[in-house]
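Take a look at this single chain in structure tokens; it is the form predicted alone.
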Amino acid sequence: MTQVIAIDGPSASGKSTVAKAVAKRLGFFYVDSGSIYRGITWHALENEVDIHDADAVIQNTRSADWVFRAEQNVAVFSINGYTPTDELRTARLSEAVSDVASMPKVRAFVNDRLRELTGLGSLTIDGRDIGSVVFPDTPYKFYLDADPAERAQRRYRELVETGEAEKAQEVLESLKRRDAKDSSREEAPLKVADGAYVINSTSMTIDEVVQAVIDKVEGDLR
């Protein structure tokens, strides 16, 4: 039976790292829903599409050839034959993606793709509305959170690794702006899904968070 583990939370809460590790431990496929929104945003910017024009963005998205596939236990995608990776983690794109992700037609496009991915098998998906909107009926819902300052430090380290170094305070302000956009948007706002198990990872290691998720899932499966 196909199972879906939904791991939601704000930016830099550790959900991607945790979801990937949980998927590997349980033999599930890992899906980074945020990377699809980033892919849509990247593709729009590459084609010089106005990212505030919802009709132009969705037209640009739908006209592209999207191919989803599994590489080991990770679901990846290509757009017109190209698989973007580091391009999806730049500071410029991180600022733009919330505006694109707030567009109802874009969210519908992504949600349809995510549901289709259950054809691969059991999934661990991280995002912002996986448990509340995309897979509301899954019994395995988690919400990861962390102190904003801690999340800013995590995102700062990520940006340094990709050559996009910024001052920590600037990253913190960027995270606050994105949190505000994600939580206040009319379409699928960031929130704790009904029945979700909340984990505050501020003072926890990744291994501790991963184990907490696995313990909860395996306990429910027994």
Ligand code: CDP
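Numbers for residues come from their place in the sequence shown, where the first is 1. From a predicted model like this one, the values you see are computed outputs, not experimental measurements.
In what follows, reference is made to the form predicted together with the named molecule, a form of this protein that is not presented.
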If we define contact as a non-hydrogen atom of the residue within 4.5 angstroms of the partner, is F28 a contact of the named molecule in the predicted bound form?
no
Answer yes if any heavy atom of R178 is within 4.5 Å of a heavy atom of the named molecule in the predicted bound form; otherwise answer no.
yes
Quick one: does W42 come within 4.5 Å of the named molecule in the predicted bound form, counting heavy atoms only?
no
Can you work out whether A101 and the named molecule are in contact in the predicted bound form, taking contact to mean some heavy atom pair no more than 4.5 Å apart?
yes
Do heavy atoms from each of T61, K105 and R113 fall within 4.5 Å of the named molecule in the predicted bound form?
no
Within 4.5 angstroms, counting heavy atoms, which one of the listed stretches 75-83, 138-146, 89-97, 116-124 is next to the named molecule in the predicted bound form?
89-97
Does anything in 114-143 come within 4.5 Å of the named molecule in the predicted bound form by heavy atoms, and if so which residues, in order?
G127, R128, D129, I130
